[in-house]
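Okay, so here's just one chain, in structure tokens, the form predicted on its own.
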């Protein structure tokens, strides 16, 4: 679908923007900050359900180490609003591309925009193990660089979800010499992998993981068959589900990978749909908070340059 596609004409009374950003997490708000400071008309639409909402602190974010991720978003919203960015709490039901630009459908009515930036993030699909969801972001985590320091020298349990989980266990050995690897449904490690685990004193606890033991809100153990293995925290590898339905509905090209199907972007964040861009976890599995903040700023710069080129073209055309 291109900007020249023939679709229903937009009402001239609709709200107009230079950029509508769908998603108000670190990537979306970072982009909004740069675009607002560039004096663009920006609207951010967010449903208020950030990926890391259950985490009490975030780490490895320079200048904000230990800050609540919800506090970061609160500060970000205040900052972008100071530059005239409009914030809407809600969801985008659909978007349409036509000769006049892009129309975004919201509960408050449609918004016409010159460019659309999707920063809707992803969800973590956890193993179906009792206690996992309740402890997510607290006693059950995924990123060693985010939470490894807080559990240095603890007994760290790694519940496998794929063969890659062995790499996770080996990485966590950097933080503690008491790492326990639970193969669970993935199956026993190959001989060479088991030897590598043993040489670094990573214990393998075979059997079916049936649940987590929780006492006073803290993970204390992993139940395997009929026994309990004491641990202080559980690391695992959830399946990653990008919130890319809006991009796919517009016909954005995708690529299959070992992690599933992901929407394609170029180095500046452009999708295959003219005028539609994407940033953050919705298109980049590696985008933690720090990466998302930087990516949002970079994409905003490229997006603004694209708008400047369009401004020049319009001026030359006498518009």
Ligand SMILES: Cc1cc2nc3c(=O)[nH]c(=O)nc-3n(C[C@H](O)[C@H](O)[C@H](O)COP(=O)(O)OP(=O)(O)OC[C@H]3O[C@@H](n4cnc5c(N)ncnc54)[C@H](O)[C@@H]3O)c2cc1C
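Residue numbers count along the first chain shown, from 1. Note that the structure is predicted; figures quoted are calculated from it, not measured.
Form predicted together with this ligand: not shown, discussed below.
Checked against this ligand in the predicted bound form, the candidates 155, 132, 146, 229 yield a single residue with a heavy atom inside 4.5 Å, and that residue is 146. Contact annotation: residue 114 falls outside 4.5 Å of this ligand in the predicted bound form, judged by heavy atom distances. Though the partner is left out of this view, residue 61 does reach within 4.5 Å of this ligand in the predicted bound form, counting heavy atoms only.
Residue contact with this ligand in the predicted bound form: residue 236 places no heavy atom within 4.5 Å of it. Although the partner is absent here, residue 27 is a contact residue: one of its heavy atoms lies within 4.5 angstroms of this ligand in the predicted bound form. Note that among 173-181, 217-225, 186-194, 135-143, the stretch whose heavy atoms approach this ligand to within 4.5 Å in the predicted bound form is 135-143. Residues 90, 91, 92 are the ones in 85-104 with at least one heavy atom within 4.5 Å of this ligand in the predicted bound form, listed in sequence order.
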